[in-house]
Every structure is written in structure tokens, then in C-alpha cells.
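Taking the form predicted alone, here's one chain by itself in C-alpha cells.
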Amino acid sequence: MSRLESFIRRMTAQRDILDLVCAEVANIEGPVLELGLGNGRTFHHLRERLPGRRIVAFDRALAAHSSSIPEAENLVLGEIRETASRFIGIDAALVHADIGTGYEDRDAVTSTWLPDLTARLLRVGGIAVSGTPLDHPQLQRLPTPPSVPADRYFICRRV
């Protein structure tokens, strides 16, 4: 599969899953955390799907389109592992993590800390959506929509 086809599949899976979970997240108290702002596409999508909801976006550096940048108080720059750790206990309704690199060695390192961080950011009953697996005893894996290929994107609930 070409990298373009892979990107399209990933973006389609991300959209389908976020559309599915936003209906539920709308009824869960707490902010939304976007781990990996990137160019801001997902932030912009979440802002449209969850109007009025506080969305805090994290990234190493600001590279988002000007229409997709959160307010200064909701933009946290620096190493995500460190900056997001300062938000442990915020009881997020949704944590979306799109910080995979496509390099197995780098993503393996992320997998050593992302699941625990995600569990500690979420409120009980909150939802996590990630492009990388979130294997953790407090995160129960949920089924993805039929349109999403197996192991392309992951949904979990904090138990």
C-alpha cells in the first residue's frame, strides 16, 4: 500500500471514530485533550463536533493552520510526555492521541508511556482514541466502526 493510501485510511478511520465517540463524549463532563495538534485538522473537527467544549491541544511546536489554533490558554507546547503529565487528574472526557510516527522503533518508545498517561488524564467512563494501541489495565478496548480496518485506530474507555 502506498503511503498516500495509508494516510487516507488513517484519516478516514480517525474521522469515523471521532464522529462515533463525540456523540457519547457530548454527555460526559470534562475537557477534551488533543495530544498531537499537528496541522490542526483533528482539533478543528473536534471543535465542530463538540461546540463550546474546552479542547486543550498539545504539541512539540506550533505548526497548525491559523484557523485551527486553540486559544493561548488551551495550547501547550513542549514534549507531550512532559507537558501533558502536568494535566494528570484533569478528568478529561476524551483524550485523542495521534502522535505515531510510522517508525516502529519510535512508536515502541511512545507505547511505553502513552497508555499510562492517557489513563491518568481520563475520568472514569472517559474515552480514549489513539492511532497506537493503548494497552493498560484501566483502559478497556472498545470495538471500532465497521469502516475501520482492524488495528488501524483504537478506542478505549477508562474503567
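As the structure is a computational prediction, the values presented were derived from the model and not from experiment. From 1 onward, residues are counted along the sequence shown.
Omitted here: the form predicted together with S-adenosylmethionine (SAM). The next part is about that form.
K.L.:
Among 22-30, 123-131, 41-49, 86-94, which stretch sits within 4.5 Å of S-adenosylmethionine (SAM) in the model of the complex, heavy atoms only?
P.N.:
Contact-bearing stretch, as computed: 41-49.
K.L.:
Is it the case that residue 119, even though its partner is missing from this view, gets within 4.5 Å of S-adenosylmethionine (SAM) in the model of the complex, heavy atoms only?
P.N.:
Contact with S-adenosylmethionine (SAM), no.
K.L.:
Check whether residue 99 has any heavy atom within 4.5 Å of a heavy atom of S-adenosylmethionine (SAM) in the model of the complex, and answer yes or no.
P.N.:
Yes, contact at 4.5 Å.
K.L.:
Is residue 36 close enough to S-adenosylmethionine (SAM) in the model of the complex to count, meaning some heavy atom within 4.5 Å?
P.N.:
Flag for residue 36 set to yes.
K.L.:
Answer with yes or no whether residue 71 is in contact with S-adenosylmethionine (SAM) in the model of the complex, where contact means some heavy atom within 4.5 Å.
P.N.:
The answer is no: residue 71 has no heavy atom within 4.5 Å of S-adenosylmethionine (SAM).
K.L.:
So which residues in 60-84, when you check S-adenosylmethionine (SAM) in the model of the complex, have a heavy atom no farther than 4.5 Å from it?
P.N.:
Residues within 4.5 Å: 60, 78, 79, 80.
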